[in-house]
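This document starts with one chain, in the form predicted on its own, laid out as structure tokens.
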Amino acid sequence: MAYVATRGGEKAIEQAERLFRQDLGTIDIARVAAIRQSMPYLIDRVMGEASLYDEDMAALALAQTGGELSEAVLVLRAWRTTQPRLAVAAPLRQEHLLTQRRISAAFKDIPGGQILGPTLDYSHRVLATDVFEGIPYHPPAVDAAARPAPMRQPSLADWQRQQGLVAPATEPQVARDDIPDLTREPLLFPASRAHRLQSLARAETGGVLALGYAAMRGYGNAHPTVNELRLAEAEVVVRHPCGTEFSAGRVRVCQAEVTSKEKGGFLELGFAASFGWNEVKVIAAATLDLNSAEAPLGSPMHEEFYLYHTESVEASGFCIHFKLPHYVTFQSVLDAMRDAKAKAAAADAHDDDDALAQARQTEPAE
């Protein structure tokens, strides 16, 4: 791939950026706060794909980029690299999560019960067009249940293991400081379990959905059923230099376990988790995890395929680079095309001369 240096035009480039930012208008703290408060699920998506849980910074990234998601994720990831790593949080355990939504499509009567939580799954998708008539939309108040559901719910997979439905966990116990960190290490193949799940956690939502949907439609080896979907808040527990542990705050997290048919006497499980509440993403990601074990090399379900092609910053960067000057490359294409046309024209002319000469030889003498 050949590039040429762009000389001159610095003023035009500067003005082009100014034009982009002028269209977006003034960005102040009030605008950032409005984005954060009015679009929590978009904020969650940006934080998840950027591997950084900071609602204000995610809202600022969206404001600066006009809502262009790949750009917002890029600037937030770039800002993340400038921040020090102060501590490593303790791993989360499902039974410690402050659960607000937990459903299973595989088992009706799961331990702890089904908790619908906030969702539009069973609603009509109708636009509130009355807003344009000056009639504000006021959401109806929620009727509180007589008995609130317990905030902490047991792990469904642990219950299934006790029932002999799922194979015992075989993953080795790793000290928190020794857990691989994809944000600091390159993704290599075959990917470790930690790297695969971390990469899926920050993968581009649309890309994960497209490939996960392909697996669901039959292009994969396993059709998923949601074993457990959970939206929760998690305490971020870190260790103080004096040795004590404390909660540094809470973050929204989501996780999905999907299962397929029995194999070797046990149900197979696929798993995915992410910052923020991104239900569709984690279901699709868990489906890819479920399918990747036996996926042939080169298949969209193979980990090298889906982990590379759902890496949003690299994918969008590669796409964007095509807007840069490729004059040398394209000039060589034009030269080759013109040369081929010239040779074809010369060959046609030669064929015409041969045909004319042959016709003259066959003409009868007068």
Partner chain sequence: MMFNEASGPGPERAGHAEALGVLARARPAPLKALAETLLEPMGDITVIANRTGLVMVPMRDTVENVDFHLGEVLVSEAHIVDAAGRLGYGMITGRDLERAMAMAVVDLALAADPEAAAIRRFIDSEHQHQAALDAALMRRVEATRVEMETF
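Predicted model, so just to flag it, every value in this text is computed and none were measured. Numbering follows the first chain given and starts at 1.
Keep in mind the form predicted in complex with the partner chain is missing from the figure; the text below concerns it.
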Would Phe246 show up as a contact with the partner chain in the predicted bound form if we use heavy atoms at 4.5 Å? yes
Verify the contact flag for Pro84: yes if a non-hydrogen atom of it lies within 4.5 Å of a non-hydrogen atom of the partner chain in the predicted bound form, no if not. yes
Is there a heavy atom of Ser292 no more than 4.5 Å from a heavy atom of the partner chain in the predicted bound form? no
Distance check, Arg193 to the partner chain in the predicted bound form, heavy atom within 4.5 Å: yes
So which of Ala210, Ala90, Val280, Ala128 gets a non-hydrogen atom within 4.5 Å of the partner chain in the predicted bound form? Ala90
Quick check on this chain: which one of Gly134, Pro140, Gly164, Pro172 has a heavy atom within 4.5 Å of the partner chain in the predicted bound form? Pro172
Kindly confirm or deny that Arg80, Ile179 and Glu233 each have some heavy atom within 4.5 angstroms of the partner chain in the predicted bound form. yes
May I ask you to list the residues of 51-83 that have any heavy atom within 4.5 angstroms of the partner chain in the predicted bound form, in sequence order? Ser51, Leu52, Tyr53, Asp54, Met57, Trp79, Arg80, Gln83
Distance trend in the predicted bound form - C-alpha atoms of Pro172 and His96, change of 3 Å or more: closer
With a difference of at least 3 Å, the CA distance of Pro172 and Glu95 in the predicted bound form shows the atoms closer
